[in-house]
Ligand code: 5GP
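Let's start with one chain on its own, the form predicted on its own, as structure tokens.
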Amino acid sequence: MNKDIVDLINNNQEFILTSHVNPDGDSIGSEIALFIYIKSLGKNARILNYSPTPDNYTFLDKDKVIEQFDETKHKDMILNADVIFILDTNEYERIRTLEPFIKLSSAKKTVIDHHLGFKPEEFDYYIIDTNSPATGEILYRFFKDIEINYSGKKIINPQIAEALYTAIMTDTGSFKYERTDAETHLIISELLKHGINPYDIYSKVYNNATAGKLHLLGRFLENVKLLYEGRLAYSTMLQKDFKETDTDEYAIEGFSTHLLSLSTVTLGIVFTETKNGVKLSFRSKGNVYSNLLAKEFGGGGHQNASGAFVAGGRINDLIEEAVKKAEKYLEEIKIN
């Protein structure tokens, strides 16, 4: 499949790149890395996202190339594209208002992703690796394959290395999640040879909190509740919490790790009230399949990290429903 996508890039001129709602380090880093590569070939490329870029990832977008989707400005651009890359998600609904225009476009739809639930019939080309801890790692291997087998030229430069490092670092939980393996560390060692600074990147991503975010974290921790003999932990974030701390829903990134820091907890859930509905974030340990619980709410993701969004949902009703449904997922199970 790599050769097909290499040919696809080489034989076309107009490209659109996008990713999921509420982008994270893996999605932003992957978009920037692929964008730089495509532009280096003299092609035209645009990055269009439904959501704005979170403040702690704007350092990756040095040239401010990421645009927030606006139907009046970008619809024709999507319809007239040759190739559309969808990165770090394989679900059209997760690109929100871009979905109908991308589906209507005659462009070749190409997905590069590491999440479960992929439906190959919905895309023209794809690179899917559900064993990879990050889309950024898949892209690294893709670029190295091109260097070795197709172009003979070096692709990864310091800016691409910084983007891929950020993608991998954030989606591995700073290299502590289970799918972080020897290959991941070897890839990181190669990226570091480009002169990027791990401490500088970590600080930009994680050490830029405002006082409001700290106050929001305090509320999050105060709201934590334990059930089922401490095996389930959940917390809620309401719109009034964001307003009163001068923050937004992007500020809670990483809060879920506090739930799993408790020794008894095998499943953690964060319920976030948004302006359009309720976001449910699931995190788990070991063979507790959080993605199966997410699926019951129309979502999905990885075994230990998944999510769902219920448009127009009532948060109290969803808490009650999710807590009840969670019980059967609390024990480790084996799925062949």
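Note that this is a predicted model, so its numbers are computed, not measured. For every residue, the number given is its place in the sequence shown, counted from 1.
This protein has a second form, the form predicted together with guanosine-5'-monophosphate (5GP), left out of what is shown; the following refers to that one.
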- Message: So if I measure heavy atom distances to guanosine-5'-monophosphate (5GP) in the model of the complex, which of the stretches 294-302, 49-57, 65-73, 32-40 falls within 4.5 Å?
- Response: 294-302
- Query: What is the one choice in 109, 94, 213, 231 with a heavy atom within 4.5 Å of guanosine-5'-monophosphate (5GP) in the model of the complex?
  - Reply: 94
- Does residue 306 reach guanosine-5'-monophosphate (5GP) in the model of the complex, with heavy atoms at most 4.5 Å apart? yes
- Message: Check residue 281 for me: does it contact guanosine-5'-monophosphate (5GP) in the model of the complex (non-hydrogen atoms, 4.5 angstroms)?
- Response: yes
- Message: Where, within 100-120, is there a heavy atom within 4.5 Å of guanosine-5'-monophosphate (5GP) in the model of the complex? Residue list please.
- Response: 115
